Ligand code: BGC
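For reference, the chain that follows is the form predicted on its own, supplied as structure tokens.
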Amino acid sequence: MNTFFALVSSPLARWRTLLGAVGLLGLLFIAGCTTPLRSNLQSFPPMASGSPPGASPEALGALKGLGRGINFGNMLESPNEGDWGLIVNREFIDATVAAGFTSVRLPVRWSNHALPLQPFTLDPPFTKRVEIVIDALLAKGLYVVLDMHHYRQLDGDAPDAGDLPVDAGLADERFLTLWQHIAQRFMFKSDHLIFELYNEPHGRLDAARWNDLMARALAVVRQHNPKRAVVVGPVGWNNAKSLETLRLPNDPHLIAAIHHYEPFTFTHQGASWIKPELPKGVTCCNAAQQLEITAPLDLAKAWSVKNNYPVYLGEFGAFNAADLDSRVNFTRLMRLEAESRGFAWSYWELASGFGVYDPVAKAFRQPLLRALMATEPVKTDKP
């Protein structure tokens, strides 16, 4: 069997590795322990902050390389690859290249594929699987943003179904140690591989806690990757309004990330994971909605100019419960407005609920693809 498919991570492989390392009793202890454990951060001193020098040529070059990207969503950031209906395959990679995208953002749920206790070792089959995907993307000339995604305990959120039970009190230390393992594993990859420290910090990760943890994680990464571009974003789900709370370490090789799904009542209408569910039938984009789109981008641009660091629009998109014409209008407007401000971007996502690609028909949804890749005028609703 082709190793690209043979090493798709499975729950069985994951549990075999974990049970072999810590034993069944150890896992039961973690799952049922009533006394919270505490992270030990003393071994992870933070990088100095307060005087960021501005972006290096390497960071600016990485942003240029990112260009127009696509998220491989609902794949490796599900509890186990395939749980949410998709796995990374050659078809998706080839389609991405053929469409003209220059980068892939690769969200990964590392937290579900590592030991729950020190040394928090990464599951070898899963890590190898991620590496095979990265190598396949890099071999096509794509830039890759390797993102840590959905570490629920880190944000203080409830675990997803299928998540490995881990004591929330160890989340910070485990996060830093995971980055230690990841940074060392991929240190020899080309500079087309970019690290993203964490997706959408929120909840227990307020600005003070996140700034401290981010500075520690960056110091860990720099031990083995001194010049690799690293993406960092603010709290509030990478909200542009929170950029002013982001305290950058004194590191020139950084790119700031924002995510942008406004107007939210349009982009997430009918999405079952939003409670209460937003009503369907909202169109886009009238004058008020256009302002909701452009205002956060203006904030991000002003922050970029002030701080001399580039901005990466790491996620935007509209769920498929909206009408297609409105999704196309929104997508084109967001893309054009981002590019006019000099931002690289990555659409959310390739082939699931927001998808620009139909995995059943094995073809792109051409109106959405043109909205991302062509230069056509934006259609707007009357206010």
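When you see a residue number, it is the position in the sequence shown, counting from 1. Predicted model only: the values in this text are computed from it and were never measured.
Just so it is clear, the following notes concern the form predicted in complex with ligand BGC, a form of the same protein that is not shown.
*Asks:* What stretch, of 166-174, 188-196, 265-273, 91-99, brings heavy atoms to within 4.5 Å of ligand BGC in the predicted complex?
*Replies:* This holds for exactly one stretch, 265-273.
*Asks:* Work out which of Y261, Y151, W179, F120 lies within 4.5 Å of ligand BGC in the predicted complex, going by heavy atoms.
*Replies:* The residue from Y261, Y151, W179, F120 that makes the contact is Y261.
*Asks:* Though ligand BGC is not shown, can you say which of D155, D251, E200, E81 has a heavy atom within 4.5 Å of it in the predicted complex?
*Replies:* Of the candidates D155, D251, E200, E81, E200 is the one lying within 4.5 Å of ligand BGC in the predicted complex.
*Asks:* Any chance F354 has a heavy atom within 4.5 Å of ligand BGC in the predicted complex?
*Replies:* Within the cut-off, so yes.
*Asks:* Flag Y347 as yes or no: does it have a non-hydrogen atom within 4.5 angstroms of any non-hydrogen atom of ligand BGC in the predicted complex?
*Replies:* Answer no; every heavy atom of Y347 is more than 4.5 Å from ligand BGC in the predicted complex.
*Asks:* Go through 308-345 residue by residue and record those having a heavy atom within 4.5 Å of ligand BGC in the predicted complex; state none if no residue qualifies.
*Replies:* Stretch hits: a single one, E315.
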